[in-house]
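Below you will find one chain, with nothing else, as structure tokens; this is the form predicted on its own, and questions on how it binds or moves follow later.
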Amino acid sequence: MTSIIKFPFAILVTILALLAFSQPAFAQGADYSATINTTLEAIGEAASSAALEEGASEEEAAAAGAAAVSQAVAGSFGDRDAKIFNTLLFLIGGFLVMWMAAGFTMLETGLVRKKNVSMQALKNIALYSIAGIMFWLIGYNVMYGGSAGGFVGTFLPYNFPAPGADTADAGYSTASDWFFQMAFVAATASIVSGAVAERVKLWSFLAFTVVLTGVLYPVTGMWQWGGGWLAEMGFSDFAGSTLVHSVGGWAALAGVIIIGARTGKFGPDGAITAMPGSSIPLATLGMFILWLGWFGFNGASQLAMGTIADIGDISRIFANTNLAAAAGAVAAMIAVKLVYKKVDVTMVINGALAGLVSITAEPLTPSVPAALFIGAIGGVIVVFAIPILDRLKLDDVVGAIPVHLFAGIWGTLIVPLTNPGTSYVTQLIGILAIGAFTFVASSIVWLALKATLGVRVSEEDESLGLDKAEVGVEAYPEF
């Protein structure tokens, strides 16, 4: 029966070619569909007849005919179409994640003071550009050029296939994968940008970005997504609660500690001075742009869109992602009202983002109640973590550390709740390993920069505002 099932689908191509030459109307949609259907029926009938001649039953012959038709369709169209749709998923996901750069920019410019808005805009333009260059120069091959179970790839530039030469043997075009992965790197750097805002030197921050996007992020990414030792161990982080968000959070924490707090933020008697941002509407817009971009962030991390099952899973990921964000916002709103008697909109903004970060480690397997629970806990984490940082005199301007580090740890650690193929112990090992490496390595880089370029602007420049002191263009010159 093997020879029957493997009916040569080359016959399909031959028949279609003959019909194409013999019928001018073949190009019309209806005739084209009818011709394909007729051809497939002929293939099915031929396979069934061959089976009957070999002594198969009517039922077996029908099954052989159906198998021949399925193989003909898959061989002629399925593999090609799957590669096309998979590539399309990467490209759509990539430009949605790239659009998150606009979200981070709006969020950060809204949450810093008016005198530092242009600086935040400039930093986000620069870090996205640097991330792209560094991920091409060495980052991609550091992350994906290593051996199974390894620790680091190769420090070589990424080579795109020549025009027309990409056969998509991996199931998608290689350049689409590079573009999708590159957008993630920029998001990691944006996390650091917001946390150390209003007092870091521009060129020192950009130097740190070079190392973060070219080396630090790709190394830990290789451990999991590059098939390294954590992947071999069974660590699970679907779209990067730890590999993207916590990495950015650990790097930000190191920067916040070494650079120090903004002048006047913390008084000698322990008093905390509020430093309101420039625009709540901009910060809100940034949050919604990030929310939108997260559908690409999580949805495209399915990495395949070539089957009904894949597109169904992507739809489920979209739904869980949206629900977790909503739960994070609502939970933060309720918690901040109970604790502070007023609803701080910045807490709610960060609550929604924390819900998104929390569900990122496993957005596919949770049920709706589980997705709501995971997102809600993320939102509550923000409400209680931000005051803790203040008491520790850690000045995180936009709340990046609670959102991306703390909620990222929570989201990664809770994966086994809904994914039975994972282990709490393995998840904890991955969190600790990635955290230790990133924090220590980031601290070394920050300290090296402090000893050479310096990492902090002068007190005079900080008071004047970085828009005037370093950029030369004020965002709001009329104020």
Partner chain sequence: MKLLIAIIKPSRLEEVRTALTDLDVHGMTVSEVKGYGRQKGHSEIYRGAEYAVNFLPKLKIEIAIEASQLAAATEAVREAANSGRIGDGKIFVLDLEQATRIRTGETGAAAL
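Positions refer to the first chain, counted from 1. These numbers come from a predicted model, not from an experiment.
We do not show the form predicted together with its partner chain, though everything after this point is about it.
Taken together, the three residues L111, P387 and V473 all come within 4.5 Å of its partner chain in the predicted bound form, as judged by their closest heavy atom. With the partner omitted here, the residue from I259, V380, M347, V219 that has a non-hydrogen atom within 4.5 angstroms of its partner chain in the predicted bound form is M347. For G267, no non-hydrogen atom is located within 4.5 Å of its partner chain in the predicted bound form, even though that partner is not displayed. Among heavy atoms of L303, none comes within 4.5 Å of its partner chain in the predicted bound form. Among residues of the shown chain, V398 is one whose heavy atoms approach its partner chain to within 4.5 Å in the predicted bound form. Using a 4.5 angstroms limit between non-hydrogen atoms, G153 is distant from its partner chain in the predicted bound form. Heavy atoms within 4.5 Å of its partner chain in the predicted bound form belong, among the stretches 267-275, 223-231, 139-147, 210-218, to residues of 267-275.
Although its partner chain is not shown here, in the predicted bound form the stretch 456-472 places heavy atoms of E460, K468, G472 within 4.5 Å of it, in sequence order.
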